[in-house]
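So this first bit is one chain, no partners, the form predicted on its own, shown in structure tokens.
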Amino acid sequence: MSSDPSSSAAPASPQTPAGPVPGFHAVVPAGGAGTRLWPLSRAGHPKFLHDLTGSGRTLLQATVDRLVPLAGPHGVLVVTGHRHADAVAAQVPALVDGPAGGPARLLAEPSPRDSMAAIGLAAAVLLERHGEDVVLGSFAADQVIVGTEAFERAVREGVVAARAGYVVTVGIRATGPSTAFGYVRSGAPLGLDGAPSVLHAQGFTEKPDEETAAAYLATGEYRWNAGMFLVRARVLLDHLATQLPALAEGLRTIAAAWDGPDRDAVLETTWPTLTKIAIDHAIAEPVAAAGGVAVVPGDFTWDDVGDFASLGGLLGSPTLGDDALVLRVDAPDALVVPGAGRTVSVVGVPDAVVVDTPDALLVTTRAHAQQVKAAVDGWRGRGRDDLL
């Protein structure tokens, strides 16, 4: 699902500053299996490690490319699982190679504990390394963004609001009443110098039905919640200490040992005890209810590449891979991924989706793209973990 605000986005301000934002660090949570993009995306090689746009850069690499101008060449930190750490390091070697003598900026989790643990770990490590004034922004590794100036403007304004003590989320201009996303409701402007677009956030709603989503959009007060957050590391951990004190204490314990010889021992005993919860539920929702969350409009093209219908809309061609291997006959808009190197013919099936990999073949339609996860669940139920 994507947002394209090109017809209504405000022009870039000539006063928008250039260069990295002092004291700002970008955090990239790189997790999940992307099951709605199976069999292209697998648990062992998820979608953020793939070039899904034909740009020559994977989603992870494109995310880091987008953030370096804002955070500087050594200001991007990636949090991923142990099983993906080597692949992430291979794609973004600067995370482990530099700066000379400095600590690695690739944090590997022993096991998935959801977004609060991942982002909270990064916040606690950044606090240990850089002190009280550090501001972090969290941006998922598997999203596609077009509109560099608008994105940078939103992040810069978000940092200003974060320094004022707010938890800031980026609200994406909705192009329709999607039921695939949560929504954030905006209120009055904060009135901060340097952040003229930032508004109070009045609350979050998780994936409403289509009728409710349409009613939301009719008010002009709601945007999609893309899960991007900017906040001072200390503020985030203080909120977490109020909401989930055991989780906050566990993350602080791990962070204190992260750059020392006891990291592995502390991780082994502490990480499995951490509460598994999303940052939206742990922080965003309760803090918004108390008036501590702000929203900065994200007036750029955004896509979470959530399924093959979304992927088809992103690609300039309905083929991902070698188009010479694909033949369509009376099959307009058929999306084909000839990943096994075989020829693929689609005859008389408009909007088909055919994903051919060496060990698994998917045939569906764009209209049924959200149901691909059921195939993953089905093979898991048959004990075919080798396909997952």
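As the structure is a computational prediction, the values presented were derived from the model and not from experiment. Quick note: we count residues from 1 along the sequence shown, nothing fancier.
Heads up, the form predicted together with another copy of the chain isn't pictured, but that's what we're talking about next.
Note on the partner interface in the predicted complex: the residue among D65, D51, D333, D323 having a heavy atom within 4.5 angstroms of another copy of the chain is D323. Heavy atoms of R342 reach within 4.5 Å of another copy of the chain in the predicted complex, making it an interface residue. Although the partner is absent here, Q61 lies well away from another copy of the chain in the predicted complex, with no heavy atom inside 4.5 Å. Proximity of V354 to another copy of the chain in the predicted complex falls within the 4.5 Å heavy atom cutoff.
Although the partner is absent here, G44 sits far enough away that none of its heavy atoms falls within 4.5 Å of another copy of the chain in the predicted complex. Note that among 358-366, 53-61, 66-74, 26-34, the stretch whose heavy atoms approach another copy of the chain to within 4.5 Å in the predicted complex is 358-366.
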